[in-house]
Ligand SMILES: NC(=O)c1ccc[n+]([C@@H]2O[C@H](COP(=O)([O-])OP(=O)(O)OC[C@H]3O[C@@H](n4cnc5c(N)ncnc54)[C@H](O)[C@@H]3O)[C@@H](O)[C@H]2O)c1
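Okay, so here's just one chain, in C-alpha cells, the form predicted alone.
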C-alpha cells in the first residue's frame, strides 16, 4: 500500500513517503536519513492530543530525545511573533544546530515550523509530517516556508527543503469535513493545471474523496505528489514552470485576506478562486463556455459553506494588490487554456477581475 515519490534537487533531494499505519516505522526512517537523536516537535494543541503520544513513543523506543512545542491552532499563529516565541523556547532549552525540527500538523504548522527550521541557527534539519489532506497533497512538498505579515499572506519566508515528507493517511480519519474540502481545492487544481486524467477521475470520484475512501485518497495523493515533485524538481524557487501551482491563488489569497482569514480557509478560497480565474479565462476567449462549465460544475460539487456575502469586493481587490504574486505591481494570473493546461497572463483589467469576484461572492457555491 505504501509508496514513495522522489523530489529531485541534487544534494537537496528527498523522498515523500505515502501510506497508511506508518507511525511504527517513523524513527527507523529518521535513522535511515542520518538524523541526530534529538528532535523538537512543533505542533498545535488539536493535533497534539491525537498524534503526539504515539509519535514520541516510537521515537523514544529508538533512542530519540524529543521535546514538544505546542501552540494554539489557526492561521493567525503563522506570524513573526509566534516564530519568535518558538525561537525563545528553543534557545532557552539550548536546542543545538543538529537537532531536527519535526513539523506535525497541517499547512499552518508546516509553513511555520519550516520557517523556524530554515532560520534557527541559519538552518537545522526539517521533517514534515502533514496531517491534513491539503498539506499531504500540496503544502508539505516543495520547501516553501513562511509566516504572514499584516500586509499580506506568506510575505516573510524562505525556500527550505525537508529531509523527507511523511504522509500517513490514517491521520486524515480525524479530520472535520471542512478540512477535507480544503484538500480538494488543491487536488482539483492539479487536475486543471497539469493532468486531465486526474480531473476526469475526480469527476467520477470526488464524493469518494470527500468520504475519505482509502483507494480514492491514495490515488489522488499519489498523482498530486508526483506532479508537484516534478514541478519542484524543475523549478525549485518558482522562477519558471512552478508558477502554475498558483492557479486559483491570486483571487484565493485576496478572498482569504478580505475575510481576515476567518471567513474562508485556504483550500476553500482556492476552490472559489479557480472558478473566478476560469471565468476570466472564458471572458478572454482562452477557454469556451463549455470548458468553464465543466470546471465550475466539478468545483461546486465540493461544499463550501462560508457566508461569502461577508467578503466585500473592494477589500478583496485591495488584498490582491498586496499579494506577492504580483509582478512589478501587475497582478499575475495563471489561467486555463484547456483541462490539464494553463498559461500565465498579466494585464487583466480591473473591471474583469471585479466581475469574476462578484460572480462567486454573490452566490453560494
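Positions refer to the first chain, counted from 1. Predicted model only: the values in this text are computed from it and were never measured.
The same protein also exists as the form predicted together with this ligand; that form is not shown, yet it is the one meant from here on.
- Interface membership of residue 191, defined by any non-hydrogen atom within 4.5 Å of this ligand in the model of the complex, is ruled out.
- In the model of the complex, this ligand lies within 4.5 Å of some heavy atom of residue 75.
- The shortest heavy atom separation between residue 154 and this ligand in the model of the complex is within 4.5 Å.
- In the model of the complex, this ligand sits within 4.5 Å of a heavy atom belonging to residue 174.
- Residues placing heavy atoms within 4.5 Å of this ligand in the model of the complex fall in a single listed stretch, namely 135-143, out of 82-90, 135-143, 276-284, 205-213.
- For the options 185, 114, 252, 106, the residue carrying a heavy atom within 4.5 angstroms of this ligand in the model of the complex is 106.
- Note on the partner interface in the model of the complex: the residue among 319, 55, 39, 47 having a heavy atom within 4.5 angstroms of this ligand is 47.
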